[in-house]
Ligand code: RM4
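One chain comes next, on its own, written as structure tokens: the form predicted alone.
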């Protein structure tokens, strides 16, 4: 037995995938993988910066399709403008990956209201309203879409300089679970992905010190630090028809870091 939306999701030659914050790191790897899977990858960044152009050009050079989808998601009005542009240009969206996020390190007693607000606005509020807009378009076009949030292992294990950040990552999981309930009847799945330590440009300087890298590697079961492609591979699978029965899930991509320290 198939859902009413399943054929629509599998049929069109061109499917649209938006990855927020995809100008570098995990977001760029996800965009590149989805493009390789046959999606038109929309590269999102606040501005047409060098990173966004690099991601787009790498996808084009590989013979796949990508376009820029420039726009801030810091305000709800900005998000609505972004999705209005997607509606006008493409008329549909098949995959949304809520990847954009920030993690400003601060001790718990140094977190200000401003730091708290910007972290929650970027990591949690933006994901909610992006999901809301994407889901409206998916339902309207009868698309069995895929929505994901890139959460973090920090949602479970916490961190000494992340007391303001961890709640946003836990909130992403709760949010995806709630959306899974709401959107399941429309054939739309909603899942969370929880990376552990992933080597990106953000932590490259820290990992360049051998002792820092070794200390993080030993925390995992596999003995090495993850790469952005490890997260992108899970996104790729969740976007397939084979993953249609997976929703409301929280998938760890941490090399066994959590289980090793339980």
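Residue numbers count along the first chain shown, from 1. Everything quoted here is computed from the prediction, not taken from an experiment.
The form predicted together with the ligand is left out here; the points below concern that form.
Residues 153, 196 and 203 are all found to lie within 4.5 Å of the ligand in the predicted bound form, as judged by heavy atom distances. By the criterion of a heavy atom within 4.5 Å, residue 108 is excluded from the residues contacting the ligand in the predicted bound form. Contact annotation for residue 122: none of its heavy atoms lies within 4.5 Å of the ligand in the predicted bound form. In the predicted bound form, the ligand sits within 4.5 Å of a heavy atom of residue 162. In the predicted bound form, residue 135 stays away from the ligand, with no heavy atom inside 4.5 Å. This chain is drawn without the ligand; in the predicted bound form, the residue among 126, 183, 103, 175 with a heavy atom within 4.5 Å of it is 103.
The stretch among 87 to 95, 69 to 77, 145 to 153, 113 to 121 whose residues place heavy atoms within 4.5 Å of the ligand in the predicted bound form is 145 to 153.
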